[in-house]
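Shown next as structure tokens: one chain only, the form predicted alone.
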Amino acid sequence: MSDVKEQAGKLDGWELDGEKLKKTYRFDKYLDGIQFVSKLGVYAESVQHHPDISINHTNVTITWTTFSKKELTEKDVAGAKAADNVLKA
């Protein structure tokens, strides 16, 4: 297993799905999820690495992968950590 996948495996609540890192966040209110996505979007734009985001009422699923390399990279692990930090902020 690669070092990046080992790091990904240690992230709380994140699922490793092949070359993708995925987590679903659950919010009490729809707008709480929207605010979370907006804050994560600011981070993603600042590092020019963007996740797939799915919003389903009060559930927000974030999926990180590096399409250009067709594999999981350090950028994806950093993005997952950033998403968790956005949630705590």
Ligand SMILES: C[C@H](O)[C@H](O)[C@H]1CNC2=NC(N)=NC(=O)C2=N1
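Worth saying up front: this structure is predicted, and the values here are computed from it rather than measured. Start at 1 with the first residue shown and count on from there.
Separately, the form predicted together with this ligand exists; it is not shown, and the next lines address it.
Within 4.5 Å of some heavy atom of this ligand in the predicted complex lies at least one heavy atom of H50. At a distance threshold of 4.5 angstroms between non-hydrogen atoms, T24 is out of contact with this ligand in the predicted complex. Interface residues of 35-70, taken as those with a heavy atom within 4.5 Å of this ligand in the predicted complex (partner not displayed): Q48, H49, H50, T65, T66, F67, S68, in sequence order.
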